[in-house]
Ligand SMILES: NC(=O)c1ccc[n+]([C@@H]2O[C@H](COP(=O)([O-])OP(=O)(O)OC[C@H]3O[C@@H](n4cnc5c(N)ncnc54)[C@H](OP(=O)(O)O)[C@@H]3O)[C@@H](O)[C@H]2O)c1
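In structure tokens, the next block holds one chain alone, the form predicted alone.
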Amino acid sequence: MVAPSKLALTGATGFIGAALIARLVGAGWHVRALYRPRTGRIPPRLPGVEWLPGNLEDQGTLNALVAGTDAVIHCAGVVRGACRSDFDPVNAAGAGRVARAAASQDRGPRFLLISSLAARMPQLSHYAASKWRGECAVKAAAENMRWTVLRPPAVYGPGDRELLPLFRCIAKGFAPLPAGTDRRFSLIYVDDLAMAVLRWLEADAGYGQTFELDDGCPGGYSWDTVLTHAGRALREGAVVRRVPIPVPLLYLVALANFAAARLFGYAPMLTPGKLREIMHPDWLCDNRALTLATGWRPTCGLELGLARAYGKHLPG
């Protein structure tokens, strides 16, 4: 087991990054965290955290970020966008730059890329392809470095904004979902993901491997099982009504959203590519390889995770 020391973290101000900082500092790690400066942004003062202003385009800043560290965790990512150029600067090129900065150090730190399960199917969307290209960039840059890739499925928990609209609807008793959706998928609670990172650091193992991970539910979830668990956690067992949305209508909305995003210059969430991801029939994970390498096991199932994340205090 490796004694805690200093590590570098990107994406520290995001949903997953905040959970990582809490776990890492709690375990005794000193975290040097990159943040993008902007007007009015003042990163929180946290014991054990050194904030470094900069961005993923500045190789000099990245060299300073990783200097003298024992491990580097690249967590920064873009999830909203209309085209390849919206995703690649962070998800692909950014990952490669951070990996090159780490690989250039005399005492090469270990490198962990937090990717996405979507990278398994890069043909589905610009986002999925950018995550796959990011993995390739890390592997190319880190030929002589101890690297590992984690591919989590959909992550939920306190601070999540991507799944929050769905859980708000569920808390009110209904769930707008694609019609005929009987696909299966995995999920993971954000703190379980953070614990997986901590176990990877402690085990000092799993190098040169790509791991998928989830909450350990056998066979994953269907939307019906999600609604059952969510009804217990968020509505004291009351039934959640599924509101089926015709898939052709969803594609029309996605196309309109895509066109509006190009016209008005905003980063959309629902696009044809994102809908292809949603409609893909198999997003199941298997934890066995990661457990064998690090000893990590998930502890938080969906019902408990939803109660912890949202409970009766779900924003309206």
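Quick note: we count residues from 1 along the sequence shown, nothing fancier. None of the values given here were measured: they were computed from a predicted structure.
This next part talks about the form predicted in complex with the ligand, which is not shown.
Undergrad: Spell out, yes or no, whether the shortest heavy atom distance between Val31 and the ligand in the predicted bound form is within 4.5 Å.
TA: Judged by the heavy-atom cut-off of 4.5 Å, Val31 is well away from the ligand in the predicted bound form.
Undergrad: Can you work out whether Gly96 and the ligand are in contact in the predicted bound form, taking contact to mean some heavy atom pair no more than 4.5 Å apart?
TA: Judged by the heavy-atom cut-off of 4.5 Å, Gly96 is well away from the ligand in the predicted bound form.
Undergrad: Could you confirm whether Arg36 comes within 4.5 Å of the ligand in the predicted bound form, counting heavy atoms only?
TA: Flag for Arg36 set to yes.
Undergrad: Even though the partner isn't displayed, in the predicted bound form is Phe185 close enough to the ligand, meaning a heavy atom within 4.5 Å?
TA: Residue-level check for Phe185: no, no contact with the ligand.
Undergrad: Assess the spot marked by Ala12, Asn55 and Gly77: is the ligand within 4.5 Å of a heavy atom from every one of these residues in the predicted bound form?
TA: The answer is yes; Ala12, Asn55 and Gly77 each reach the ligand.
Undergrad: Only one of 199-207, 221-229, 107-115, 164-172 gets a heavy atom within 4.5 Å of the ligand in the predicted bound form; which is it?
TA: The contacting stretch here is 107-115.
Undergrad: Exactly one residue in Ala129, Leu234, Met145, Val155 has a non-hydrogen atom within 4.5 Å of the ligand in the predicted bound form; which is it?
TA: It is Val155 that has a heavy atom within 4.5 Å of the partner.
Undergrad: Please tell me which of Val90, Met195, Ala141, Ala71 lies within 4.5 Å of the ligand in the predicted bound form, judged by heavy atoms.
TA: Of Val90, Met195, Ala141, Ala71, the residue with a heavy atom within 4.5 Å of the ligand in the predicted bound form is Val90.
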